[in-house]
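Just the one chain here, the form predicted on its own, laid out as structure tokens.
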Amino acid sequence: MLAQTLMLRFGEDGEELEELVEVAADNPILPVTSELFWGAITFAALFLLVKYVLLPPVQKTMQERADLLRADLDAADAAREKAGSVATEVSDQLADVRAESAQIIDAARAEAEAERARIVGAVEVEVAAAKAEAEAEISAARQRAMAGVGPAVADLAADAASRVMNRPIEAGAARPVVDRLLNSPN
């Protein structure tokens, strides 16, 4: 084949052709025809071995791995969606619980305020009763004190008036004036 290509190129000149064939025969880079034949057969055998024996298990393993990754990704997406829905559900429940707790707290506050108002009212009634009782006791004590002071003041006033006027004045005559002065609010 090489000889034919060279003949076509150089024509019928034999000398140049022979020199080229000798150079080609001595060239270690150019393959020999038998090497080309056995190289082609070996290549075909290796190609068939790789394509039909070695490559299918590798492709099957790669496909299984891709399927497994796809399944894991789908499971992760499903879990993420489920977590999102659970988070939404928990958030909704938490909002409901917060609203309910706010209602309970408001009711408790209202009840506590009513109880406080009731207790304050009862204490105010007791305080008013105690105040009225104390005022009654004070008034009674004042009456008793005034009753006991009246005759002594009348005697003292009569004696003082006797000294000022230089004439004797009886305590009985000074008594109505002293009682009127002691019982007046001013």
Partner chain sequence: MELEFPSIDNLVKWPAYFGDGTFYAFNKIALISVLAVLIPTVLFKMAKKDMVPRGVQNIVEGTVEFVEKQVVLSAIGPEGLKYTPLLLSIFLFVFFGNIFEVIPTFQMPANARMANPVILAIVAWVSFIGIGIKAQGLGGFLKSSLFPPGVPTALMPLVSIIEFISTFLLRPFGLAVRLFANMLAGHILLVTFAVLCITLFQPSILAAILPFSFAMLVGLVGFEIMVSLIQAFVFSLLTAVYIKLSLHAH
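Residue numbers count along the first chain shown, from 1. Note that this is a predicted model, so its numbers are computed, not measured. Only the largest set of C-alpha atoms that superpose within 1.5 Å between the two forms is called the rigid core.
Keep in mind that the form predicted together with the partner chain is missing from the display, and what follows is about it.
The stretch among 54-62, 119-127, 134-142, 147-155 whose residues place heavy atoms within 4.5 Å of the partner chain in the predicted bound form is 54-62. Using a 4.5 angstroms limit between non-hydrogen atoms, residue 161 is distant from the partner chain in the predicted bound form. Interface residues of 27-43, taken as those with a heavy atom within 4.5 Å of the partner chain in the predicted bound form (partner not displayed): 27, 28, 29, 30, 31, 32, 33, 34, 35, 36, 37, 38, 39, 40, 42, 43, in sequence order. After superposing the rigid core, the C-alpha of residue 118 moves by less than 2 Å between this form and the one not shown.
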